[in-house]
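Only one chain is shown below, in structure tokens, and it's the form predicted on its own.
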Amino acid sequence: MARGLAEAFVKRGPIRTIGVVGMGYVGIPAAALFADVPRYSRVWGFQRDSATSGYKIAMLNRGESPLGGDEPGLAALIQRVVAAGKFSCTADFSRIASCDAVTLAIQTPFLDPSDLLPDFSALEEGIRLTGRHLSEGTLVVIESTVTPGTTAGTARRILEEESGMVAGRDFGLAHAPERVMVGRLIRNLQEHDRVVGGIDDASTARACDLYSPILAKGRIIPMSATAAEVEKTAENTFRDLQIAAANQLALYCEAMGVNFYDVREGIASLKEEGVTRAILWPGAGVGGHCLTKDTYHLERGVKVCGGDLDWPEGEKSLFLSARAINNFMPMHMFHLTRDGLARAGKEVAGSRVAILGWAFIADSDDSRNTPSEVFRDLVVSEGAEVDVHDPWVKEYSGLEISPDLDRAITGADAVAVFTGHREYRALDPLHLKRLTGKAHPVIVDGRNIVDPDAFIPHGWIYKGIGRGDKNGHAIVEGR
């Protein structure tokens, strides 16, 4: 079968026209980079003309980026490839028939992680539309993070049903997971190594050929499709585990009255050949689309792929425990806020709380699965009034976000910093205190960007994640 597919690729000829299904944080920069490659003649971005995301089509075709936040190089790249006539966005999926390769980058969330059942509806729709218009000799690549076994299982089945062709004989199929972070999309796609796994050798080789031209520094790492799926889910699971380790240590440091950041510096200083003690940073919570659900894909993959897992009896998954710790951090921010208010002689009920930052990551408008929302719901449920400020996020369903920092702070009993936006790194404690109108306002630092020694002398009550050395400070009659 591999020989038949190799022959189908030869008959098709070199990859010239590429389709990218899903115009989001992954699909848009990938499509623009493909279009900037001289040997690729045309790139089509496929986007449903829906009420929520159809606006992207017109924006992209005008050479404008619909992604907010600070994305170096992306806007100029889109403008260049559109002006050159090499990239267009369309809702007409029939154009897939002209594509030599099609990539799919569509979100795969879990609506209820407890049942380990992902919502593949959007991805499956994209796969069906692709299969419906697939032509012989085309390569299909799933870039979405999926449960191990999905590419060779569900994706293959749907493509074969819709196309009437056979994967591995009539068309190629591979998994090449995205490895990008908001705020550095172009750089990540060009510089990170690219994991590529086909359902057979011919598909793997064709996918390697597809991605090689956009890599400026990174290398291609070939493997099987299922191994590539495990790699991506494990990659994010390990990062989530590292964050959870930092968060747990920060909670320990608070309980023991010491400064986590002093401890971290000491740990990270131990370096010699074969030895590293690198440690990440704690924080107010983990958000975004990837880390919040990829652990569940990895856990589910063990069940889907049908292997017997040898495991210590009665022990919980280390990875799921890490998820629980990271999910707890917005609750810990609530506890810090409650305790800070109590030191000021107030309860959460009836207090006014200002949340600084709705995006889950600094200097971005990406608010998917933001921990700020968990915190907001907690303080509201306890009877507090909430104001939200974010200089990057302009709107969010069911929420009013103030673009005016002073307005959000005015009258606040407590200020909770959830995002490390550059705008929050030089907050003026005296100015903010005047805005609050309180003798002892509370500031809760969830991202280690507030200098407690600058705030405490002005009468602020400070609480910070990992700051056991400061969280019980003497309250100063501020000036």
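Note that residue numbering follows the sequence shown and begins at 1. Given the structure is predicted, the values throughout are model-derived calculations rather than measurements.
Beyond what is shown, the protein has a form predicted in complex with a small molecule; the following relates to that form.
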{"query": "Partner proximity in the predicted complex: W281 to the small molecule, non-hydrogen atom cutoff 4.5 Å", "finding": "yes"}
{"query": "Partner contact for C290 in the predicted complex: the small molecule, 4.5 angstroms, heavy atom", "finding": "yes"}
{"query": "Any non-hydrogen atom of M181 within 4.5 angstroms of the small molecule in the predicted complex", "finding": "yes"}
{"query": "Partner contact for G172 in the predicted complex: the small molecule, 4.5 angstroms, heavy atom", "finding": "no"}
{"query": "Heavy atom of each of I243, I361 and R447 within 4.5 Å of the small molecule in the predicted complex", "finding": "yes"}
{"query": "Residue stretch of 398-406, 233-241, 84-92, 162-170 approaching the small molecule in the predicted complex, non-hydrogen atom distance within 4.5 Å", "finding": "233-241"}
{"query": "Partner-contacting position among V286, L123, V353, V146 - heavy atom within 4.5 Å of the small molecule in the predicted complex", "finding": "V286"}
